[in-house]
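Coming up is one lone chain in structure tokens, specifically the form predicted on its own.
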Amino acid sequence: MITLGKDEIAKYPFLADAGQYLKDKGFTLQQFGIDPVLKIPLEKAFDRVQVSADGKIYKSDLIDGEASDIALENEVFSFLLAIVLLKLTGITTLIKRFALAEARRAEKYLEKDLANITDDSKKELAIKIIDDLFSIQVKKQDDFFIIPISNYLEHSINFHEREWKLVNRRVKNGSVFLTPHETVRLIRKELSNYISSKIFNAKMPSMISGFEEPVKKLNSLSKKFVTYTVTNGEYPPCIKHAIEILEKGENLPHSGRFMLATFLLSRNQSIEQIAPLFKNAPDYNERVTLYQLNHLAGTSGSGTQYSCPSCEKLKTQNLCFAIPECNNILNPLQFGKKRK
């Protein structure tokens, strides 16, 4: 059990029992819908969801990671009320985007606490959070943090970038050396999944008086997340699965996005046809998406067009969903073609 202080509850509200905190303060959800003063946290909750829907991170009331009594209430109340609003809308895309934004927000605080050279208690708590939630044994060594190779391989499998490959890491005595930033970046997906699962498992409330307007606005906001499906040709199960993940508004790992983009580019799909597929991704950013697609297509940067990963590579990344029709193909691009 992680014991949290006031600052930590504000920074990591998903670790605390926000509902119990609300009761301890003597408030009910109904009061936030009718009390003019308590409507302020409700407005902050709406902003918190709206900002996450735009792929941005909510700016808190904390000052240098420290929470005043008012800031603590605003942080915890707005987080709890954001969950209530998300449950009332029931829109998976908004929930996934919110969870990812909150994970990225928590990352910033975890990284700062890990790198704290004046307060060992903050560093130790950050290490305990990572260990308790994700079973990663983190230890401090000089200016780095080290984790067992087994932990690293388990959590880095979804990274396609060259610098995350074990061969490019500093390894000694069975441990991998990481910076504070790399340590917390390693768990972003798991942290996002942890937060979203808490939201999905929360009890479904009935509509609360005073909550109708923000729920209506969020329902309207969600309409911009249109489902786009590429339908020309028969696709292998790995590609179908990737498209389904995006259509549901869930987070497709970078390696999955790389696979999908390079596959479709090899099938002569244009960047304009491919880009909308990623619009439902929780962290969607149009400018970044177009830049990455142009880079993979070889129309920018080095001019090299990237190839679709092999089936063997996809298996190591947990992206293979082989069916009998795959017929032992070596690359998804061979799906549907007879092999001699």
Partner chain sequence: MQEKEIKFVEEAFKNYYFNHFDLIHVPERTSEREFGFQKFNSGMIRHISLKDDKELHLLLMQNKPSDVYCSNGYYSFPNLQMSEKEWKEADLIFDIDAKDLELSCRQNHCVTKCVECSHISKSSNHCSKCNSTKIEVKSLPCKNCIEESKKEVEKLKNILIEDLGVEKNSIQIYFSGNEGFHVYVYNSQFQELGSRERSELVDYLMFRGTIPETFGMKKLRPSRQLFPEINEEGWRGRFSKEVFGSKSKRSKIISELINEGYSNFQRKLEILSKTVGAQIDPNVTMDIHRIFRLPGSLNSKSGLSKVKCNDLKQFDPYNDSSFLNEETIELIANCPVEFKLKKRKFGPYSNEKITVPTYAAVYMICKKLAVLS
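For clarity, a rigid core is taken as the largest C-alpha set superposing within 1.5 Å between two forms. Bear in mind the structure is a predicted one, so any value in this text is a computation, not a measurement. Positions refer to the first chain, counted from 1.
Absent from the display: the form predicted in complex with its partner chain. The rest refers to it.
Taking the shortest heavy atom distance, is residue 207 within 4.5 Å of its partner chain in the predicted bound form?
Because no heavy atom of residue 207 falls inside 4.5 Å of its partner chain in the predicted bound form, the answer is no.
Spell out, yes or no, whether the shortest heavy atom distance between residue 162 and its partner chain in the predicted bound form is within 4.5 Å.
Yes - in the predicted bound form, heavy atoms of residue 162 and its partner chain come within 4.5 Å of each other.
Closest heavy atom of residue 173 to its partner chain in the predicted bound form, within 4.5 Å or not?
Residue 173: yes, in contact with its partner chain in the predicted bound form.
If you check in the predicted bound form, is residue 59 within 4.5 Å of its partner chain, heavy atoms only?
Residue 59: no, not in contact with its partner chain in the predicted bound form.
Can you pick the stretch from 102-110, 261-269, 173-181, 86-94 whose heavy atoms fall within 4.5 Å of its partner chain in the predicted bound form?
It is the stretch 173-181.
What are the residues of 248-267, in order along the chain, with a heavy atom within 4.5 Å of its partner chain in the predicted bound form?
If the 4.5 Å heavy-atom criterion is applied to its partner chain in the predicted bound form, 248-267 yields 248, 249, 255.
Can a Cα shift of no less than 2 Å be assigned to residue 279 between this form and the one not shown, given superposition on the rigid core?
The answer is yes, as the C-alpha of residue 279 shifts between this form and the one not shown by 2 Å or more after core alignment.
Taking 2 Å as the cut-off, check whether the CA of residue 39 shifts that much or more between this form and the one not shown after a rigid core fit.
No; that C-alpha moves by less than 2 Å between this form and the one not shown.
When the rigid core is used for the superposition, does residue 253 move between this form and the one not shown (threshold: C-alpha shift of 2 Å or more)?
For residue 253, whose C-alpha is compared between this form and the one not shown after core superposition, the shift is 2 Å or more.
Just to spell it out: taking the C-alpha atom of residue 215 and the C-alpha atom of residue 277, is that distance smaller or larger in the predicted bound form than in the structure shown here, given it changes by 3 Å or more?
Relative to the shown form, the pair is farther apart.
Relative to what's shown here, the Cα pair residue 186 and residue 312 differs by 3 Å or more in the predicted bound form. Does it come closer or drift farther?
Result: closer.
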